[in-house]
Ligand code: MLT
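In structure tokens, one chain follows: the form predicted on its own.
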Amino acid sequence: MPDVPPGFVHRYIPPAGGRSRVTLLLLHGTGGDENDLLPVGAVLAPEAGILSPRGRVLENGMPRFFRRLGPGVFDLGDLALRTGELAEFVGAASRAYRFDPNAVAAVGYSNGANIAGSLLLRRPDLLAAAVLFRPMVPFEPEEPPDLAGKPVFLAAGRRDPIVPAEETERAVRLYRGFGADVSLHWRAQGHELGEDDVLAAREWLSGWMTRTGS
């Protein structure tokens, strides 16, 4: 048994038959846990490994990855702290479970998508790709990160009462402005994660894995 990396309650599932280099970093939304996105990961890339941590912050008893001051208002100091903790955990997990640290793709929903975005902006070396379901802009960095060619899939809902269309467009401009290769997919639903979101992300992720030989 490997030494389990400290800091986060989590699940790790190795790649099926060792056939894939890719590890999906699954990051749940508010009130979720390390099991929430496992079915999504299995659909997105059934051959990939999975690392799924539980957020360490509680809001009214519900796990999150960082604190917020109100709806849509993030505690930026806590976001920076928690992003650093998550980055350290992923590094420790790659050593403990012996997966490729250069082939980690984040898959985040809502709060999980926001901390995945923070990882992209603060630690672009950590993620090879990102799938962001219903994200907001986590923060705007003072120093521009190098996201040149970084593949990012972003799925938004036309009827989302939490993430308005202008916030989605702001996120796209931000990542593209730093050089990321952003694919934006609009859906007719609201903030909930739907089957069509997952299937569209699966097609995109499959194309990325094929291009990179992962």
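Residue numbers here begin at 1 and follow the sequence given. Owing to the predicted nature of the structure, the values given are computational and were not obtained by experimental measurement.
Separately, the form predicted in complex with the named molecule exists; it is not shown, and the next lines address it.
- Ile162 belongs to the set of residues with a heavy atom inside 4.5 Å of the named molecule in the predicted bound form.
- Proximity of Pro144 to the named molecule in the predicted bound form: non-hydrogen atoms within 4.5 Å are absent; the residue sits far from the partner.
- In the predicted bound form, none of the heavy atoms of Arg54 sits within 4.5 Å of a heavy atom of the named molecule.
- Within 4.5 Å of some heavy atom of the named molecule in the predicted bound form lies at least one heavy atom of Ser110.
- In the predicted bound form, every residue of the candidate spot (Thr30, Arg64 and Gly72) has a heavy atom lying within 4.5 Å of the named molecule.
- Residue in contact with the named molecule in the predicted bound form (any heavy atom within 4.5 Å), chosen from Leu126, Ala92, Met136, Leu121: Met136.
- The stretch that touches the named molecule in the predicted bound form, counting heavy atoms within 4.5 Å, is 64 to 72, out of 64 to 72, 172 to 180, 147 to 155, 45 to 53.
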